[in-house]
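As a starting point, one isolated chain is supplied in structure tokens, in the form predicted alone.
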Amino acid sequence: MDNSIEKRIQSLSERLNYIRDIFDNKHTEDVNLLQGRLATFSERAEAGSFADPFVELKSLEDLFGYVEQRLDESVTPMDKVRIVRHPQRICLRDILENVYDNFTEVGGQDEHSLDPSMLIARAVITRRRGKKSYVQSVMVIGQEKGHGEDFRNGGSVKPWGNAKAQQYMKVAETEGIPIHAYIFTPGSYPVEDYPGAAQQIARNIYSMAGLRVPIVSIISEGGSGGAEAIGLADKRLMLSHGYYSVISPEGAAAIEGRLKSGQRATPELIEHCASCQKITAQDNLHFGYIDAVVQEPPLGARPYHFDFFRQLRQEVVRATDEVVISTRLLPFFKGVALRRRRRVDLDLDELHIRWGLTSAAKDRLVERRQQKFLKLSRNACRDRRPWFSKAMAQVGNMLTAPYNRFKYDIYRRHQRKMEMFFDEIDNEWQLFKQRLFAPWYKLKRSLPRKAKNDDASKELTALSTWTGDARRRKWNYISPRYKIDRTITCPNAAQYGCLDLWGPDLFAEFAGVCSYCGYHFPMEPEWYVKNVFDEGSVFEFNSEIEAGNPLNFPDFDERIAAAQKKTGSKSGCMTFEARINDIKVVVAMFMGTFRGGSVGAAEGQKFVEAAEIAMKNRYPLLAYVHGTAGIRIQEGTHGVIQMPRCTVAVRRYIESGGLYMVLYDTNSFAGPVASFLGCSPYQFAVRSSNIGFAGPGVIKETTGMDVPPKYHRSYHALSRGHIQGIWERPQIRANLKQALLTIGGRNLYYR
């Protein structure tokens, strides 16, 4: 048999196996047809019974193409998940070799890299204008799945891999070159070793929100936080057979089916969850979470689809051009240029656009990127506020914003300069006066003095007297569990020998804290609202924004209604203004009692508006995390988009000079911790709380590792630098008072 025929038969065999794998025992008639035709041709070619085997082979290849085209029309969302996971799927190295003209991998290579799942490369694209050629540099960053290499870890990036991506994003910013981010990941590797999975993703998102270079991201497999770690971009493209989701369909099925460890979801339930989550490129384009879909060949792009690589190059160049042009000031010429680049017949390699930006253009670029993400998902929650209230709030913002800007950015700034000037004069005067009257002071000290009975000095220097058990005190709110008229055993009794605790004492005077080992039992959100802030100072706002069911997920409306009835809240986030020692603060409280404190579109919208109110009024912003289980999976990308969206709001607030603090309690995991919570410079935790990227069960399922007991406890988070301190529950109010007086910028109203 001719060697070229043998290679083409092998290629058809791989295509047949590919079809069989991605459809998972479906379309058996088509599979059997192709298998039979291929076997017959192979036998006859081996026997040499063809007069012209190339004609028959071309006919067989056309049949394969026809069947693939027909099957492509029936591809389901779960089929697309299997497509992007298949070893024959294109990978980042294929793109580097076929889309760019040249590249050099940096930051480590192959299995010798810090993390071979994250690939960084300096690449170039050559374009022409007339007879002159121009070489444009880009920084290419993305997850590398490879074609079955085990050391790539399936594109699941470890924390130090994301740290490597952040480092080279900043290198690109320093060098002033665009960033092309390719997303090929089922999710990040859930280990908490330094720098920590959640903490590093939060740092990446925070950095990307302010990078002063164009960013274009291309999504093939976008799995939750792993995708968001490099996904906050000016333009977001998505391959037509890719998926972008808050969680894998198998993970969603495990949660929906309430499966225990070791149990497997049925294929029907997995297919159902994949369909309900709206994970496809067409769904995300409809929601507005991506900007364009890059059409792939039937059944997905594979390394031999060279026409697709040429198309991808055009789309990536077009997206970068559009980002650059959108920063320019002349709207007419900008609009003409953008319309011209959207022509399908236009070869962008023959039309050079300079990708460098001026300082003013960089400012406009960052502002456009941030505004873009702040506007996303606003319609995905139920906003019950009357239109009149919304209109009055907008009018109020328009009137107060200039006043606050004048007061804090102009008047206070010059006031401080004058105060500093007079302070310097006063210091010089005090020094001059001290030297002038030095002889008189020396004589005065030599004269005998009468001892004074200074009660204040005695109080400061004398030992304090015992007044009884300091833990016993009266609280403004007492947990209803104080009515438990029986003893309760501390979870640490076997380890520390704690004696049994009487319920009325434990949940009343002791505030849920074991009097022997200090273990903190979970308390209700109301306990913190009533006991931490000044009495009568709490004013809730935006309570009419409700958690909804934007994907029409089956039976989820009933579950939301049950949570609302149980907690009396309309969403898992309560936003309010309050005072601590007469210092006004804006608080966003995520309540673990409302569906585990999961975050969806409503919770994200309330958090964003709380940050904007705090920024407008120069109030401190406190995120109190009573508990959060992560992003609400039933809202799909409506939920996962809150990670970059809320992080943008936080960055804008911090850069305006605000003080943003986070306090974790009970259990805090997943997306919120890996984004807008984890990016705070001041993070604290209540003792006995758990903090991490994924729970022990998820880590076991995804990595096969058994994590040690108490792996996510707050003192482990403290040891790896995730948080800055651990607080006792009875001392939260005092610690917050101290923090407000000692940390934060001078732009706050009380400074």
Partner chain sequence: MLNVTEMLEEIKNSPYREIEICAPHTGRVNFAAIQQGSKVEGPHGLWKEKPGTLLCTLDRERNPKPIAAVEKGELCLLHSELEGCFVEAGTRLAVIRHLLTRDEVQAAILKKALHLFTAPERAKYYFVPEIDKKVRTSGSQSVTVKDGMELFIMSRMKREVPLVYTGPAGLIYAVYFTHTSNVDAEQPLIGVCPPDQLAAIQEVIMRVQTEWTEQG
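On a predicted model such as this, the values are computed, not experimentally measured, just so you know. Numbering follows the first chain given and starts at 1.
Here the subject shifts to the form predicted in complex with the partner chain, a form of this protein not shown in this document.
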Exercise. Quick one: from Thr104, Thr487, Thr266, Gln109, grab the residue that has a heavy atom within 4.5 Å of the partner chain in the model of the complex.
Key: Thr487
Self-check item: Residue among Asp62, Asp706, Glu43, Asp52 with a heavy atom within 4.5 Å of the partner chain in the model of the complex
Solution: Asp706
Quiz item: Thinking of the partner chain in the model of the complex, which stretch from 80-88, 271-279, 529-537, 478-486 has heavy atoms inside 4.5 Å of it?
Solution: 478-486
Quiz item: Should Glu428 be classed as touching the partner chain in the model of the complex when contacts are defined as heavy atoms within 4.5 Å?
Solution: no
Exercise. Please check if Trp160 has a heavy atom lying within 4.5 Å of any heavy atom of the partner chain in the model of the complex.
Key: no
Quiz item: Hey, in the model of the complex, is Asp582 touching the partner chain, heavy atoms inside 4.5 Å?
Solution: no
Self-check item: Partner proximity in the model of the complex: Asp500 to the partner chain, non-hydrogen atom cutoff 4.5 Å
Solution: yes
